[in-house]
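As a starting point, one isolated chain is supplied in structure tokens, in the form predicted on its own.
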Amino acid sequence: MTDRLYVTYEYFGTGPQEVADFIRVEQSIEFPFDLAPTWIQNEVVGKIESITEIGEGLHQICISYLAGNTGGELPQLLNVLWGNVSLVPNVRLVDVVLPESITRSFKGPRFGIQGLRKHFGASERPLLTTALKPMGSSSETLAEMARTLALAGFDLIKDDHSLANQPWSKWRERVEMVSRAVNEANDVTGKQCAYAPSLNLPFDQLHEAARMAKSLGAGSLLVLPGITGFDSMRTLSEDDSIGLPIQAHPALLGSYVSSPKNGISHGILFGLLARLAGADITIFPNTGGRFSFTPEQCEEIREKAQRPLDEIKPIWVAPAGGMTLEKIPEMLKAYGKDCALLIGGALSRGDLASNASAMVRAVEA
């Protein structure tokens, strides 16, 4: 792998040349530059491609790294992009350009946009999705809620990410009961509504739980890559014995993007990395909801999730976090039809069946 990946950082402060030199060494060899053999200095250590002042005390630093530095694997790619530099104040990862020699190392999403359109018979419309809430509800209650939503015509019904293995709704019991309710509703409607249990479980249980969920009738999976790891999501996506659509939830990832002077850009975290790691749908807080994402940040996620990227399929965006039926036209205008409209708790304000049917009618219209 002799070609290069190009990584752009924003640096807030003085002395950008010194910082750039520090980053290019720290993100490659983490070793005194002058002690490294000449060929390592010339080939393995990152190269400063440009330093551009874009504001007072604000510079963009573009550094290229040998593609071979990543080993063609996601853990080391993450390490090259953001490993030790994540410990440096006032540096933010804002853009990544990957060569085909790296992207072809990844299978990306199993289904992507077109695959899920075919799977759910949604040739032109957005997907309809929601979450089972709140924590504390019994498995019986959640199953009946799911039955109501599936009968209304939803495509996807996921666990709330906080549903795990709590005493009032044990994981296996919930998955079995909700899957049965959704599949019984599918027998009535003739649709393919898919239930996605949350794999909010210890790491060593993930694959066994995913296979169990499939055997119990679940039609999708909810993965929390900030908690269980992006590469664990990749392994679930690539496992042919599972073969289910994957939704990526943003839990624990907020601190990467919440500071304007540190962290990782919204598009890279929720768009590019989720896509490389095999998510078919990436969930993130929409602007105007409970959280603070701006329209520009949300558009950056959509762009990174759906722009051409060699053979990696584009993925659905699911803007969420306090959305209501009234916001559907606004979301469609912002994201187009390649979005999964995720409305959760608001559907329970009043009659769940009536609200769910109203959402289906609004989208189908």
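What you see is a predicted model, and the numbers here were worked out from it, not measured in a lab. Note that residue numbering begins at 1 and tracks the sequence as displayed.
Same protein, other form: the form predicted in complex with another copy of the chain, not shown, and the subject of what follows.
- For a residue to qualify, one of its non-hydrogen atoms must sit within 4.5 Å of another copy of the chain in the model of the complex; all three of 83, 234 and 249 qualify.
- Residue 306 falls outside the set of residues with a heavy atom inside 4.5 Å of another copy of the chain in the model of the complex.
- Contact annotation: residue 22 falls within 4.5 Å of another copy of the chain in the model of the complex, judged by heavy atom distances.
- With a 4.5 Å cutoff on heavy atoms, residue 29 counts as touching another copy of the chain in the model of the complex.
- A residue is said to contact a partner when one of its heavy atoms sits within 4.5 Å of a partner heavy atom; residue 133 meets this definition for another copy of the chain in the model of the complex.
- With the partner omitted here, the residue from 288, 99, 229, 115 that has a non-hydrogen atom within 4.5 angstroms of another copy of the chain in the model of the complex is 229.
- A heavy atom within 4.5 Å of another copy of the chain in the model of the complex is found for one listed residue only; from 294, 258, 123, 215, this is 258.
- Only one segment in the set 240 to 248, 149 to 157, 136 to 144, 180 to 188 has residues whose heavy atoms sit within 4.5 Å of another copy of the chain in the model of the complex; it is 136 to 144.
- Residues 160, 161, 162, 164, 165, 166, 167, 168 are the ones in 159 to 174 with at least one heavy atom within 4.5 Å of another copy of the chain in the model of the complex, listed in sequence order.
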